[in-house]
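This document starts with one chain, in the form predicted on its own, laid out as structure tokens.
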């Protein structure tokens, strides 16, 4: 899976991508084309590298800003380099692109082996960012230019000059060709530098942390940056929550509407993606474990293109995830209120059956929010819910482990806190109490 495939994920990772502050369009392309990491050693190595930039931002911000300013000049010249490697004769614009790349790398103390490239493209040692077929490339070139200047209407001189320039372009291209691979590597390293610096700065701005890898996932103080920003715009604060899960042990999250269950699930999905793409995580601390696939089933699954209803599309999406698990893939499956669009009797049965079907799967971590009361052998987390406050009751969004799988009945209390028509809510309360008598 590439990063571009998750940018529009409903988990909300788009917010951090938009706020990343990359200096070059090429770095953006490189990031979007990055593959999700699944090897914990590779992930840990990526974080060890990011830590160096995180510390650099803290210790030498002036140097970081100078580096970022220089990286604004990074351009995607991969096409030019591919042509060079393929044996093509380059033109003056392409020589300029290569010279600019080599000098940019040199200014950032990278690609030191490219000093020869600069010498080839700068025979006069001027070390300026332009390129020209300098007279010093050949005596014949200088003589022909002088002759054309003296007699600009001589077509034979014009042709001879053009042939000499073409000959020199081939000579220069041949001299540069052995460095094509190094130039391509340097181009990629500069894009990676741009990404790493942007990630490190974002960690400081957003308060993100570097996680560690483990056999299970334990997160304290996780928050959703996009939701937090939206709340702050309204003068409110996001309440961080803790959560933990592991493979082979299904976990359910229960609680009333507006209790933050969906936001918690989105945040879990975001953290998992960020971890496997080497970003800082929005949390106080985190121990994470990688998966081969992350499946996120949330919201209205209706597919107008195929004509599937919400229920049908949701069932098929979950079924595809189950098939991956059965084939042995390590999967994190996050499901938001499955079967909520069908009747409560069958919905409860479907949820209970899914939990049983996916129990004791060592390669699966299942986290599911639900409004159905379903007993199962896994973990159950409950939104703390309404608590007394200084200005009436307030919603506590913390998730706490609970031995009871009974879904709390708080919808009517929440409706009262929202100021909904009192007669309507009182009547609903009376009807509900009769049902439980």
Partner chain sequence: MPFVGEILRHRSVSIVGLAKNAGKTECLNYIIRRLPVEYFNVAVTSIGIDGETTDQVTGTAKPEITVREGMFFATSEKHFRQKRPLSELYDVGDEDTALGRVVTAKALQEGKVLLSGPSSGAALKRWMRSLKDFGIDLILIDGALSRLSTASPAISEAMVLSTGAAYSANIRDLVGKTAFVVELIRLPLFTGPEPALRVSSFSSLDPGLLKGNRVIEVEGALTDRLLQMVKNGLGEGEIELVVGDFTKVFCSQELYRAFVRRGGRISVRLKSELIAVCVNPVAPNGIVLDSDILCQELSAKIGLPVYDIVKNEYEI
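Residue numbers count along the first chain shown, from 1. Just so we're clear, the structure is a prediction, and the values are computed from it rather than from any experiment.
Not on display, but discussed next: the form predicted together with its partner chain.
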None of 204, 175, 167, 75 but one has a heavy atom within 4.5 Å of its partner chain in the model of the complex; the exception is 75
Identify which of 357, 188, 340, 145 has a heavy atom within 4.5 Å of its partner chain in the model of the complex; exactly one of them does. 145
In the model of the complex, residue 96 touching its partner chain (heavy atom, 4.5 Å): yes
Evaluate residue 25 for contact with its partner chain in the model of the complex, applying a 4.5 angstroms cut-off between non-hydrogen atoms, and reply yes or no. yes
So, residue 136 and its partner chain: in the model of the complex, are they within 4.5 Å at any heavy atom pair? no
Does the 4.5 Å heavy atom contact test between residue 109 and its partner chain in the model of the complex come out positive? no
Within 4.5 Å of its partner chain in the model of the complex by heavy atoms, the stretch out of 122-130, 323-331, 229-237, 287-295 is 122-130
